[in-house]
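Below you will find one chain, with nothing else, as structure tokens; this is the form predicted alone, and questions on how it binds or moves follow later.
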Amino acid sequence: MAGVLGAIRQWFDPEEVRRVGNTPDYRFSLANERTFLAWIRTGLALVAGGLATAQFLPPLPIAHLREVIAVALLLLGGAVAVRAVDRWARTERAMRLGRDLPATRFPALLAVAVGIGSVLLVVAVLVQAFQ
């Protein structure tokens, strides 16, 4: 539990990040921040897609499919946002300590989730078109 709280404290306390290691070249820190902002934009786009699905997509032939899609997009958007700040903090810490950047499977998992979601939506559209 203490490890989780320490990780979360890094997210909200910029001085906590600065207490370890040496200050990296500012260009690398700025690149890390741009990557963080790109992930946040991705999370916001997923949340917007979830809200748009819930509000504007007509009912689909499969019961509650619209709601399932909306909730999945909203949850995925939230997960991307949380993962973005965690990745930013871990990367910044690694750069300050002169360590390798942390490896992650999250981009691959996100790509698979989006791909599966797209296939399911194609199936739903085709089912509706041929009814």
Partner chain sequence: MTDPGLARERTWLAWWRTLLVAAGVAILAARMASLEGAPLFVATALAGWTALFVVAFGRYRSRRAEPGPALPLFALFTVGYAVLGTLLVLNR
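Given the structure is predicted, the values throughout are model-derived calculations rather than measurements. Numbering follows the first chain given and starts at 1.
Omitted from view is the form predicted in complex with the partner chain, to which the following refers.
When the partner chain is considered in the predicted bound form, Leu60 lies well away from it, no heavy atom lying within 4.5 Å. Taking the partner from elsewhere, Arg99 is found to have every heavy atom lying beyond 4.5 Å of the partner chain in the predicted bound form. When the partner chain is considered in the predicted bound form, Ala94 lies well away from it, no heavy atom lying within 4.5 Å.
Contact check for Leu30: a non-hydrogen atom falls within 4.5 Å of the partner chain in the predicted bound form. Contact annotation for 70 to 105: residues with any non-hydrogen atom within 4.5 angstroms of the partner chain in the predicted bound form are Ala70, Val71, Leu74, Leu75, Gly77, Gly78, Ala81, Val82, Val85, Trp88, listed in sequence order.
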